[in-house]
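What follows is one chain in structure tokens, specifically the form predicted on its own.
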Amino acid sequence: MTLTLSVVGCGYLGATHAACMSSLGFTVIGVDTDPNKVAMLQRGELPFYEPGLDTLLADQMKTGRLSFTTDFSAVKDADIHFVCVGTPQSKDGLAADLTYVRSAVAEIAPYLKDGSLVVGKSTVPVGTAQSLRDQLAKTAPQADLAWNPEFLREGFAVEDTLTPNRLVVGVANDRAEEILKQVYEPIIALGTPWIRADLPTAELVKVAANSFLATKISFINAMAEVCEAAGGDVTVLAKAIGYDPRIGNKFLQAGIGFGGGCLPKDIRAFMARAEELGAKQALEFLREIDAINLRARHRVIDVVRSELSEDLTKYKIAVLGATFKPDSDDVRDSPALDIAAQLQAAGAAVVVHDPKGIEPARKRFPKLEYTEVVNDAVKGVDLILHLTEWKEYRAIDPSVISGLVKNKIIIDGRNMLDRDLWRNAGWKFHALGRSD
């Protein structure tokens, strides 16, 4: 049986999933309400930056198997429908806004054929899948619903889709599992672990994983605070504890904290849902995780003031990095961009450089100054902030730019630069969690 797939919601998750599923040989129909986005995708162009996905998308459009439209009736011949819309934080609280998820399911319900399967991939509060399944039982009883959470890392989305470290499916019956096994057969054949769960567990897996990662990041940033107070070195501490197999060395890079469109809003939504379920105390620790993360940003500003002055109105600062992580143009809840904006609000003249995130950053903070050339960013500045660990910044020769700056002061907010290299070039070098 040759399956036809639809992907509802063609943002970062949806466009990636659609192109990757097409590359596995499926006919894929992408549906989105944004005509501009659809027009770009139909031309084989991405409305965002993701390494490798642009080439894959263009190649798949040429095959004729992949198409995009704003017309929901186009999904009528599809056997499986992947829901990949966003679940942003509510404007009036911590909970997730499920408007787009519920709307997506409602929009495709009239076009679901007998035996079709709706598969949620969006990150949702536990209990959402069952409520949507109950909704379909009334509006499209001929269809079923399952949940298949995504675990994409920005910068590695294609790899994480086609060669994931696990596949988790939340199903209510054997038939739904067998259909999903047909979809993922080439990936399962690679030896990818297959985990069948009930609907609530599948929903919880994603938010539990993100909460654990956020906890690990905030833990090492808390240790960085202690190291600075005690005169220790958090990079050595992280290396030492990382050798313990029970801990591991991943996500132990102290710095300015996490951001992006997932971790911050997911842990907040998890807390909100736990409170609704009467399990508020179980996740109280996440409040401190969130607080530590935000405090890491303020600590950078404190270091800037200690290096320059409490009054920043007479100083010019270069910020290297606007995105929340490298190999992405995502500036959602970016610690780097937040710090830049706070410094400007404090009166400093701020110039921001980023290899891929300038335009998204400009839309978010149009009053900041931006430049596409590193040397232009650092020209005449009193201090440089390294806030996103792009490889381009690690390649900077401090002796070359020494003649461009006013003062040779750099703060490494990501603990990724070669401290000895910079100091040997005559720079005052400060890294979070490392004694001077």
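From 1 onward, residues are counted along the sequence shown. Fair warning: this is a prediction, and the values are worked out from it, not measured in the lab.
Separately, the form predicted together with a small molecule exists; it is not shown, and the next lines address it.
Residues placing heavy atoms within 4.5 Å of the small molecule in the predicted complex fall in a single listed stretch, namely 260-268, out of 196-204, 260-268, 178-186, 344-352. Of the heavy atoms in residue 122, none are within 4.5 Å of the small molecule in the predicted complex. Taking the partner from elsewhere, residue 17 is found to have every heavy atom lying beyond 4.5 Å of the small molecule in the predicted complex. Interface membership of residue 228, defined by any non-hydrogen atom within 4.5 Å of the small molecule in the predicted complex, is ruled out. Although the partner is absent here, residue 253 lies within 4.5 Å of the small molecule in the predicted complex, judged by heavy atoms. Each of 154, 213 and 325 is positioned with at least one heavy atom within 4.5 Å of the small molecule in the predicted complex. Between the options 339, 217, 112, 80, the residue in contact with the small molecule in the predicted complex by a heavy atom within 4.5 angstroms is 217.
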